[in-house]
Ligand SMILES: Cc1ncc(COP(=O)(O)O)c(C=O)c1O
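Heads up, the chain below is alone and in the form predicted on its own; it's given as structure tokens.
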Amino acid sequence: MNFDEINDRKGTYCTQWDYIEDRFGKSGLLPFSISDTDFKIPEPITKQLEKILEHQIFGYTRWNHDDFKGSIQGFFQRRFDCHIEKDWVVYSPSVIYSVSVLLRLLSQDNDTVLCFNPMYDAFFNVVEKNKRNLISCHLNNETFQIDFHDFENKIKDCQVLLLCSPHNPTGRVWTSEELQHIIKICQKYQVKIISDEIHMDVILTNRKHQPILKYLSQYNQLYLVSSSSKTMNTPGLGGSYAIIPNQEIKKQFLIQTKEKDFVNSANIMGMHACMVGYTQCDNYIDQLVDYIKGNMRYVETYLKENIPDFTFHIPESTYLAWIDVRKAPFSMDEIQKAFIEIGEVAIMDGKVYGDNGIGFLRMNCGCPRSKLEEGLKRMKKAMDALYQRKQR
């Protein structure tokens, strides 16, 4: 796979490129915002989609078969040494849709849900719009460790922990010890755990991702949601899955999706992309991870040499750089204004991800190296202008 290849996404109704003005107020910016990548999908998926196109029939499509569920089962066993039963797997149009349904099944209106802060920004709405109360447990904003004393004090009054594993935006890969400690405390207070593991494939260190369902024998209130779309860059095709060992909750999930929300037919393209991605694309995943590691090393070196007030260390996972700008002698508003007006570059303000994200930037590094190089140059141009203005 040639991850250096430049792929022009403009004019394709692309959220990141064509609609950057919606979030940053100006068009034509070089975007490092929403978390899809600028890479082509794996060739085996392309070939499979071409076969579907040649067939020229796109009728109602079933997901409840061994090919779909078995591809997910085999992937978890092969990549993570995690056993799941095919019967636990259900189709869903998106990961956050699964979270939304599970929240309603596992809690009541006005119940409390805990998330680690900073957090994936969609978590705010999925909790609050479902009439649940959201409380935060702040990660240490230097090392992104969990304060387990604070965690236990807060989780005892909650009904659900909404976990992001690996963590977006910090890139933490929770250790087995951390996960077992989380589970032990949640079991103590009978708090259900929904684990969003969509970033599970992009692991940048020797630490292994541990799916939450590895610990099912320790606690039976564990639920996993994920998708192949983040890794394979296929979110536009639709489709994801939930893994629900609790058969009563699974039954209620299917009643909600099939009989209330009428999600009766899988997206044929997304379903095939998942099946092929999870059975034929391990080599693509390994190459992607190596390329992202190189991108992260480049960001780390460039910032250290050219914008030393920005602190960045390669994350343990994801293609999202979480950059600490708190040492810079400027407000975030000043930095963002300079990025947009001078550098013409779009980098996400960390406050989008919660009050514990204030003073950070989230930069999507899932792109060709040349785009990353240009983006960093634009950031430097903007910051140089701010420093020069300050010296006058």
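The first residue of the shown sequence is 1; numbering continues from there. This is a predicted model, so every value here is computed, not measured.
Omitted from view is the form predicted in complex with the named molecule, to which the following refers.
Among 80-88, 202-210, 297-305, 160-168, which stretch has residues whose heavy atoms lie within 4.5 Å of the named molecule in the predicted complex? In short, 160-168.
Quick one: of 252, 136, 246, 94, which gets a non-hydrogen atom within 4.5 angstroms of the named molecule in the predicted complex? Result of the distance check: 94.
Considering non-hydrogen atoms and a 4.5 Å limit, which listed residue (75, 120, 284, 312) is close to the named molecule in the predicted complex? Comparing distances to the named molecule in the predicted complex, the residue within 4.5 Å is 120.
Within 4.5 Å, heavy atoms only: does residue 364 come near the named molecule in the predicted complex? Residue 364 lies outside the contact set for the named molecule.
Contact label in the predicted complex: residue 232 to the named molecule, heavy atom within 4.5 Å: Looking in the predicted complex, residue contacts with the named molecule do not include residue 232, since no heavy atom lies within 4.5 Å.
So, residue 35 and the named molecule: in the predicted complex, are they within 4.5 Å at any heavy atom pair? Within the cut-off, so yes.
Taking heavy atoms only, is residue 222 within 4.5 angstroms of the named molecule in the predicted complex? No, no contact at 4.5 Å.
Residues in 192-225 close to the named molecule in the predicted complex, defined by a heavy atom within 4.5 Å, in order: The stretch touches the partner through 196, 198, 199.
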